[in-house]
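What follows is one chain in structure tokens, specifically the form predicted alone.
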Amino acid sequence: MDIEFSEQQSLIQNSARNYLAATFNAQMLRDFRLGSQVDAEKIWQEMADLGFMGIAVPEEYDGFGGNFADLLVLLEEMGRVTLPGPFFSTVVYATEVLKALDKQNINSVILPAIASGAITLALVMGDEGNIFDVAGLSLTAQPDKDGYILNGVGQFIPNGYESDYVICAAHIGSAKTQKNDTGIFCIAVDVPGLERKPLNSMNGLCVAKLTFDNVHICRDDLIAQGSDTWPALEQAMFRTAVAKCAEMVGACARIVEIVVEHAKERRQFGKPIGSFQAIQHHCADMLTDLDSARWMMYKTGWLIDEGKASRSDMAMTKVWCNQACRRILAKGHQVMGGIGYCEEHDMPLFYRYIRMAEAAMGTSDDHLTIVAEDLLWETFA
């Protein structure tokens, strides 16, 4: 593995950092989470013009055609500013699912629209976040004479209230085993019977409850069905979990910078608190966790690009990043003291962002279960 960024990745990093730092400041992000209006459409189009939307879209679909590591570089920079909005659900999650399932007639329409910034998407997979177990699918699809009838509820869906399309997984019920009866659909949000209700999350960003009440969809909206569908979908979700780690690493990198700067400037007993050994150890522990999480995230990204990443590789990456980022938060608050809990400070912004990311795309328990299952299968097979 070459741990140095390529010239292309350095350009992505510099372009993203310059634009995001100039566009998003802490006060703007706090106001956005409290409901203040920002020119979201203008910002979205600016990011599309910079090529952010097309970075993971293949060139044949008018995208940038970057590899997975390129995407991680961009997401790390977005994590540094706790980027709100539909970028992750649209450009990362939806694109990974669409590429994995490879339905030509759907991809030829949706992927170019993603790359141009023309649409946003939401995804409804497992119930209550149980996305890595086929039994946790929350929707059912009953075959009809000219399509399917969808029923069920999706809870706490990011970008679910504002999206243009919804990609959802459902039990079709025509096979003997659950893994063989999984169907993936891509539907417009204006279809009759689909109700979207906005919900508040702990970091102030809007999520949604999507209720499918006898939603009739045509057969052309079916992306994939059959025995190969669940394995492909599962791999896309694992890759998306690694992508979520990049956002967390970016956020923690900024936390370390904030904390170190505070330790240099905050004076107590006539000297900077950074001169005290306990504070130095906290900062050293934070940097150790940050570097280990970043290395593990990029190593797994490289394995994905090489086609060598296993389920366990990707699951272990999410577990480690979850745990390392939680430790960084805890140590950061210890160093910051009371000011780190004030809403006027940046720390609560990063705290909520990271804790939401920790629960997204599988919790630590979810991924530890996967690692244990694969380990025991290898041992006793």
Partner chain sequence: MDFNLTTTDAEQKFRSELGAFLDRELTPEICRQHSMDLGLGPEARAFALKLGATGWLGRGWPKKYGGSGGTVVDEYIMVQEFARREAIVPNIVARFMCGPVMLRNGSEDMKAEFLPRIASGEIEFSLGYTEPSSGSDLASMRMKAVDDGDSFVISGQKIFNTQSHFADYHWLAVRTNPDAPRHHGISLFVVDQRAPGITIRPIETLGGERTNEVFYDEVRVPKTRLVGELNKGFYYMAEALGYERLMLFQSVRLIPPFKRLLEYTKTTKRGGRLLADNPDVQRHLAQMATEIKVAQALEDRAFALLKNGDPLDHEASLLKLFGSAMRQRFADHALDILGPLGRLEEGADGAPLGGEMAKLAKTVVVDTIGGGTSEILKTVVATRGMGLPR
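Every value quoted in this text rests on a predicted model; they were computed, and no experiment measured them. Numbering follows the first chain given and starts at 1.
Only in words, not in the display: the form predicted in complex with its partner chain, which the text now covers.
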Heavy atoms within 4.5 Å of its partner chain in the predicted bound form: which stretch in 114-122, 300-308, 240-248, 164-172 meets that? 300-308
At the 4.5 Å heavy atom threshold, is residue 348 in contact with its partner chain in the predicted bound form? yes
Its partner chain contact at residue 313 in the predicted bound form, heavy atom, 4.5 Å: yes
Should residue 337 be classed as touching its partner chain in the predicted bound form when contacts are defined as heavy atoms within 4.5 Å? yes
Taking its partner chain as it sits in the predicted bound form, is residue 235 near enough to touch it, meaning that at least one heavy atom pair lies within 4.5 angstroms? no
Under a 4.5 angstroms heavy atom criterion, identify the one residue in 57, 319, 47, 325 near its partner chain in the predicted bound form. 319
Among 142, 201, 227, 214, which has any heavy atom within 4.5 Å of its partner chain in the predicted bound form? 201
Can you name the residues of 343-371 that have a heavy atom within 4.5 Å of its partner chain in the predicted bound form? 343, 344, 348, 351, 352, 355, 356, 358, 359, 363, 365, 368, 369, 371
